[in-house]
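Before any questions on binding or motion, here is one chain by itself as structure tokens, the form predicted alone.
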């Protein structure tokens, strides 16, 4: 089959590499890549190709850069004589007019067990919500947000230390393997899709505010949220009116942290050192800080930050006007 790959972020670039390896030497070929246009990055706002564009360049694949699938892009796709198009986090909806351009339509690799967590941040939201397991789905694109019938799923555990980056890396490998299997099924006529069934939940794109840690919340919830927003947009708090970035925090009551000395009634946002650990009080206990990055500084171990930040005075983190 002649295949179009559509995607944009680093996770999609990894999926493109895995899929090319899985298809190597077989009868299927990725003939082109669709990705979003170059975007300004860094302080100097230098126009930079997407990770998928970079991966396609490494592989010598033709690249179509477009913010959406308009009539011009649709015409380019029609010229490619496609059998199927696959999507992994392209970043824009495919309009109905383009769905029938490939002979077998469009497949989407989505990092949840649909219909749960439809949207842009399914793996991240699953961690934030405290789930212990999730998965990936390959489904046929239809009009609407992640609504099409599902060809297959794979499941994956969420470990107590897993960040969004860890979970996405694992799902990329297993999910892309599933995608390759579905492509084979489409080619030989054995693939079957079933309509989605179950409770629909949504997973909207994360914003900067999703990374703000509210110290009045339970420690377990802060642990989960900090891992779900790592690496993007990242966990953060404020100190003396300045935003401070944080690495994942850990619930001090977790069994694997049983050596941590937890004060009997830490106040939410109050920072204290106990043994080798730096703790912050929460709504029902404390969390252990891992790394801290004050404004204009590089990330550092929490213990190093504490030695420089304390100055013999109380340190309290929390929302302030800034």
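Bear in mind that the values here come from a model prediction, so they are computed numbers and not experimental data. Numbering follows the first chain given and starts at 1.
Note that the form predicted together with the RNA isn't included here; everything after this is about it.
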| query | finding |
| --- | --- |
| Among 24-32, 64-72, 51-59, 38-46, the region lying within 4.5 Å of the RNA in the predicted bound form by heavy atom distance | 38-46 |
| In the predicted bound form, the residue from 200, 96, 208, 92 that sits within 4.5 Å of the RNA by heavy atoms | 208 |
| Partner-contacting position among 245, 104, 118, 142 - heavy atom within 4.5 Å of the RNA in the predicted bound form | 245 |
| Touches the RNA in the predicted bound form: residue 300 (any heavy atom, 4.5 Å) | yes |
| The RNA contact in the predicted bound form: residue 293, any heavy atom under 4.5 Å | yes |
| Contact label in the predicted bound form: residue 304 to the RNA, heavy atom within 4.5 Å | yes |
